[in-house]
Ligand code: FAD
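First, one chain by itself: the form predicted on its own, in structure tokens.
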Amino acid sequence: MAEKHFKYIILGGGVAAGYAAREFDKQGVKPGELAIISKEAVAPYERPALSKGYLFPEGTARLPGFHVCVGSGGERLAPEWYKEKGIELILSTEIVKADLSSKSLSSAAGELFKYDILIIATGSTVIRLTDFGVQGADAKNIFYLREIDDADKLVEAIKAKKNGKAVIVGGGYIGLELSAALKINNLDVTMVYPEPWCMPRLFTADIAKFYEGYYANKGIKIVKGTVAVGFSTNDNGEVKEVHLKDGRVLEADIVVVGVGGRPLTALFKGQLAEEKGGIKTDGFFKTSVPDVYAVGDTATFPLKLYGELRRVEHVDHARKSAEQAVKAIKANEEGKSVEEYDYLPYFYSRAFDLSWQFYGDNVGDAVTFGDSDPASAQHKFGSYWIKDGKVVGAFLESGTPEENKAIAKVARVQPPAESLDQLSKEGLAFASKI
């Protein structure tokens, strides 16, 4: 069995891995000390591009254009960058066993990798309808989107089924972004989700009403309050119908499923403390085992701002948690210390000519301000969340960079709010004076 040893191993090749590698370089990692092991065949890239520009008809986003760290305005780390820095990219390699007591990782091909320090950056995997035994869910042209291979297959299907019918199962991030992308490709799009409105984990009914109205005006049909319970196929084994729980049947040439994800932590079951569905860490992303760190989607960490443990699935946290872990590792080696992670939750999305940002916590009473008419040419509106007399969260559609900074500051500072009516009237003016 081939064996390799590295001082540091990052397990996973997504966004967090790329940002961790850049931070290691900044901190002065020596050639040969660091390896990234990824089951994907390409160097780390900005995953959000897959549900946006990658699917546009003109294919605006293609590798090497969106390797990390361009998503945050940094230098693009093409495969050559890792070579120049002496960082080993071990691609197309699936780790099937992790033994934290012997500090070793075993691959499907029988290779053994030993480390001194491990960063778990395995991210999430999509939840599949086949996991629940949904009839016909293994048909051809039923897609999920997580990796670049998934996006390539979807692009081919879009070309093959020109002007066809697409059904999107799920009303969250993926559902909204992919519905827009497929509509831009001139497909006839229907969204199906069980909840009373889209993006229910974040949006209020008022916010969702705008997006549902906007999408309907673009010609996207929305079916709420039901789920897909089966699929029928044509003679080629390709999906042709989606059967809904309420008895309706939708024609489909392409189905895209976006019903959530789960963190990839199975390799470490029973070896690391877990909480809230993730690997439990401290404010430096140290796990319960010495020399093992977990970042991004896999980590349940102390959210200092709210005094509680949380797991956050978002690219912004993937980037920042990776950088924090590397800073903590290097500081520890030098007998120094770094500040605990103090994260402000942040989410964003772009679709059609829309672009929203959200900061903070969506708890308590919500108040909407601005022009939220889906037919409006302006469509600039937002929402504040108020808990215990303080503004704890803020959302804004179509904000300028300055306005987005202002709502971020509101969520961080948590200023007192005298009345919901006053907040609604003041709108953005409230944020700009904080």
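Being a predicted model, the structure only gives us computed values, none of them experimental. Numbers follow the displayed sequence, beginning with 1.
Same protein, other form: the form predicted in complex with flavin-adenine dinucleotide, not shown, and the subject of what follows.
The closest heavy atom approach of residue 306 to flavin-adenine dinucleotide in the predicted complex falls outside 4.5 Å. Put simply, residue 20 is far from flavin-adenine dinucleotide in the predicted complex: not one heavy atom of it is within 4.5 Å. The closest heavy atom approach of residue 325 to flavin-adenine dinucleotide in the predicted complex falls outside 4.5 Å. Residue 94 belongs to the set of residues with a heavy atom inside 4.5 Å of flavin-adenine dinucleotide in the predicted complex. Between the options 197, 81, 347, 284, the residue in contact with flavin-adenine dinucleotide in the predicted complex by a heavy atom within 4.5 angstroms is 347. Of the residues given (187, 87, 174, 329), 174 alone sits with a heavy atom within 4.5 Å of flavin-adenine dinucleotide in the predicted complex.
Judged by heavy atoms within 4.5 Å of flavin-adenine dinucleotide in the predicted complex, the contact stretch among the candidates 245-253, 225-233, 274-282, 174-182 is 174-182. In the predicted complex, the residues of 138-174 lying within 4.5 Å of flavin-adenine dinucleotide by at least one heavy atom are, in order, 145, 146, 147, 173, 174.
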